[in-house]
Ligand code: PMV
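Here's a solo chain for you in structure tokens, the form predicted alone.
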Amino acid sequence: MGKGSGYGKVILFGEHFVVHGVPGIVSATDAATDAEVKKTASGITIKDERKGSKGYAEEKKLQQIESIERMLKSMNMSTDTAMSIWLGGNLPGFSGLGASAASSVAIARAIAQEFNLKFSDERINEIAYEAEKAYAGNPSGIDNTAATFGGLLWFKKNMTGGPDTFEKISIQKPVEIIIASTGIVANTKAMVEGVAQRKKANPQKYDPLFKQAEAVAVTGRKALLDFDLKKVGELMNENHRLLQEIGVSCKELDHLVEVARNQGALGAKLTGGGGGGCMTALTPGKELQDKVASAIEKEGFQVLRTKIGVQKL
């Protein structure tokens, strides 16, 4: 039996903007997806025991099947390869946590182990990127990179077809955050396509917003390196405003952001594709993390307490 794991992720700066070559910052979380793969006589079976938003696994089922086919092709294996796949772990199946990328990395690692394929992390990352196309259409690559390598990463998509740029960012210590789910299963592919269409139709509005997003990411990197968490929070708030401007937030996300800020979070923003999915809030220290999480849970939303800057599963 082959086994593998992939980190969950939270984007601190740059979702949607990274698809168009703007740099972004992503962190692995201390929650992960685990996969087990076993050779069988015929067909591919998937048993998904991840906890998450109601309907997440069902909503993503067809995309998941396509992702596995893409993965096998990228591995130079037949799409008729027979195997059973089990998914579990402590990463919930919320939209916005990089659940699809984490599962792609975990499955790729488990297949490689079961079929005795000696793949480097860099190769696993390439395979997971191909798999992510089933979920995101034109993925930035930021999710699968975080899911593969962990840590806190500075990421920039190469818009000319060459390798993407990513660099590890070292901070003093992992920092507590919360991630709250709206309960809405978001369609990342549709959200990415919508931004691209609006940007093309209205460059006068969108080009300045994308320049502002780049400035936020650059300043955010310095704030993280300086461990200036107050500044990081302020920049997260600014990033959320920009995401509202490009039309990817929704009333549920804005409400969760407002609750988190009112409870003392240093900053809060949507994370991931938007249109539902999740928000994240910077809540350094267990006491503040619990305070913000509890307030959101009292309103009936699911919350993940986790940390950014986690280096190892």
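Bear in mind the structure is a predicted one, so any value in this text is a computation, not a measurement. For every residue, the number given is its place in the sequence shown, counted from 1.
What follows is about the form predicted in complex with the ligand, which we do not show.
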property	result
Residue contact check: residue 192 to the ligand in the model of the complex, 4.5 Å heavy atom	yes
Any non-hydrogen atom of residue 93 within 4.5 angstroms of the ligand in the model of the complex	no
Contact flag, residue 267 vs the ligand in the model of the complex, heavy atom cut 4.5 Å	no
Exercise: residue 140 in contact with the ligand in the model of the complex, heavy atom 4.5 Å	yes
Location of the ligand contact in the model of the complex, chosen stretch of 74-82, 118-126, 140-148, 165-173 [non-hydrogen atom, 4.5 Å]	140-148
Partner-contacting position among 177, 97, 224, 106 - heavy atom within 4.5 Å of the ligand in the model of the complex	97
Heavy atom contacts to the ligand in the model of the complex at 4.5 Å, residues of 14-44 in sequence order	15, 16, 18, 19
